[in-house]
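This document starts with one chain, in the form predicted alone, laid out as structure tokens.
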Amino acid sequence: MGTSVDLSINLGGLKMKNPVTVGSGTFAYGQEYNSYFDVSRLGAVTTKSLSLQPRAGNNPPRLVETPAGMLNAIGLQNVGIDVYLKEKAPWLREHGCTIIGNIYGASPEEYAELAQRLEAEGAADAIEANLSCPNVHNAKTARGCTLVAQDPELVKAYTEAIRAATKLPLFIKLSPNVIDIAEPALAAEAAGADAISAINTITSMGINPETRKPILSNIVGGLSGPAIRPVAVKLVWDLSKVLKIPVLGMGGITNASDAMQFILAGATGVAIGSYTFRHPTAAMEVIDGLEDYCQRHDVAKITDLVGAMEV
């Protein structure tokens, strides 16, 4: 393609060959997508959320299309840490993948144990702590919140516990379902997070007018897809203005132009999520498209464009 472009980034201590990873929960553990493209070409593979025990997730129906995306209430279905360590991580290593291990627990101690085990087994190169899934039943906090990510004090406590358990780069995944996303993000940064992942899905619901019942068995779920992209870009911009640590931006990315919006808003890396269900090779096309963008604009390093929006 002409002059080479340096697409490599350093995301909070995680070196990636390019700024593109995948959204947790949209890519399983990489094996299925490897039939469409070489998954090692990704900057990193982000795993489906891992818990200490296997989870069956919510009862169906738990997925429904929307006019510009989808509504899901999968409920963090996953194989559990033991199966991941035995079957999934070895496959990813054999295929030369950089791994971001996404984890979910019911307490700071569970998150800490998961992070420690992933590091001890060499089964992740970075940890992404999911504190913001909107479609599992979380206990209410002292402030009346239902997500850990909605309470800065809890974000701080959980981040500190995970930080104490691992030396791996630690990313905290936050929710858009807050008044000011800067508050939990700054709490995570103060507690030792190396990067912020933003955003998770937007809490939503659907109703069947004919039956007068919720479409999802869980009643509420998370909205993802192109509909949420403008929200996500704005929140990444908000975060980039107050944080010293980098941001991994996600939410409705379908092509390189979408990804560039996040990078120009201040994201160091990007994640391609639910669009891979419709278009399995989307992440590869984003990588190629980012290189093409840099060549057309005579940019030698993709990192030169981080936060380069002109106002």
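Bear in mind the structure is a predicted one, so any value in this text is a computation, not a measurement. Residue positions are given as counts along the sequence shown, with the first one as 1.
There is another form of the same protein, the form predicted together with a small molecule; it is not shown, and what comes next is about it.
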Picking from Cys97, Ile74, Ala185, Leu118, the single residue whose non-hydrogen atoms come within 4.5 angstroms of the small molecule in the predicted bound form is Ile74
Quick one: of Ser240, Thr166, Asn102, Asn218, which gets a non-hydrogen atom within 4.5 angstroms of the small molecule in the predicted bound form?
Asn102
Which of 186-194, 154-162, 204-212, 223-231 lines the interface with the small molecule in the predicted bound form (heavy atom within 4.5 Å):
223-231
With the partner left out of view, is Asn58 within 4.5 angstroms of the small molecule in the predicted bound form by any non-hydrogen atom?
no
Close approach of Phe277 to the small molecule in the predicted bound form, 4.5 Å, heavy atom:
yes
Indicate whether Ile199 is a 4.5 Å heavy atom neighbour of the small molecule in the predicted bound form.
yes
Exercise: Met70 in contact with the small molecule in the predicted bound form, heavy atom 4.5 Å
yes
